[in-house]
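Below, in structure tokens: the form predicted on its own, a single chain.
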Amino acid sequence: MNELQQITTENEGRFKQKFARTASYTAFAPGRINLIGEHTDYNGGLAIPSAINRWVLVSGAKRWDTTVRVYSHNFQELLEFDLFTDYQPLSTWQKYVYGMIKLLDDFAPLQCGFEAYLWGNVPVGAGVSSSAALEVALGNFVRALFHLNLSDIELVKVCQQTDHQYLGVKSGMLDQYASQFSRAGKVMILDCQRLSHQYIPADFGQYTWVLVDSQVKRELANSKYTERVQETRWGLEALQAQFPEIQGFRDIRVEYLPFIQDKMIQNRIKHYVSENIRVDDFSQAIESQDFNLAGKILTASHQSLRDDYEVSCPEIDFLVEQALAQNYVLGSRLMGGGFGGCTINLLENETIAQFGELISKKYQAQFGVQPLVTVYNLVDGAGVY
């Protein structure tokens, strides 16, 4: 029995203990890492994400009335509401769950309510998309339970609309897309404009990906995220007023940047354009197994996120600087929404323990906090048992 099968069996047991009956389905959805392509997805950019071996699970069964009861193991809370009665969810996890269910009900009216048990081991606030895993797992569960005629891409769009309508976050769909479509042993080149992807082999040879969680929770991320969305929109509009051939963000080239008068807005667009170029360069480096070049591109991404997009913070910058001071680390950068969360680092396999000990010691001495150093495996996307 593999790890996923084991935790599925355990969660079905929790459902049975909580609700005194057997689960009809268990859906699972993984968290994700994003190798490169940060803060581009909501403007139709490029990225290279992949799912990791941490999951959110939803086990449950139908009811015979219109009541929905969802229990969160991690938050020790029960969400209960009637499908035909408006409800105001109180906590963040409830907003995700309620929003997904209401939007799925809008898509195809659910015939009855259900009971479900949520459990997850995707770290919260660490930049590996626990919220997207929750949305995708719940979407797959409801789709299976009610046999909804909903494609994978339509499911991902419902997840994105939940962010927009119920959380007030104008997100792209990189996180949900990666959680749904990833394949084990591969990385995905995701085109967020075309909503298409291709897989490339993820053979990193003697190198591996290590995440360092700063333990700084991303309280600023949602508000600043919305700011960056608006700032990039202003940049696009400024260029479209001068160049009618620019239909969208992907039409912007480097030579257009000087025509944005506001330096801050220019920097935001500069990050977008340069990050898309880095995704292309990075994918070529990975395919040709030029990992030294891949590391340099990774570090250039952090510099852009720090200086042009301004979504880093002192703790993250410290972790990147300390990582790059080690000659066995090929590259390091902020990963995720920013203002906390984690760094992603490319380094030699045999130095993982050495790196973890060193980075933990230095970070503890500087900030009085113990970071979490983790190595993840790349796994398949969401599914249902």
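Residue numbers here begin at 1 and follow the sequence given. Values in this document were obtained by computation on a predicted structure and should not be read as measured data.
In what follows, reference is made to the form predicted together with a small molecule, a form of this protein that is not presented.
Shown alone here, Phe249 lies farther than 4.5 Å from the small molecule in the predicted complex, counting heavy atoms only. For Phe355, no non-hydrogen atom is located within 4.5 Å of the small molecule in the predicted complex, even though that partner is not displayed. Interface membership of Gly172, defined by any non-hydrogen atom within 4.5 Å of the small molecule in the predicted complex, is confirmed. Proximity of His39 to the small molecule in the predicted complex: non-hydrogen atoms within 4.5 Å are present. Considering the small molecule in the predicted complex, the lone stretch of 346-354, 333-341, 61-69, 48-56 in range is 333-341 [heavy atom distance within 4.5 Å].
Site annotation in the predicted complex: the residue of Trp209, Phe146, Trp119, Tyr225 reaching within 4.5 Å of the small molecule with a heavy atom is Tyr225.
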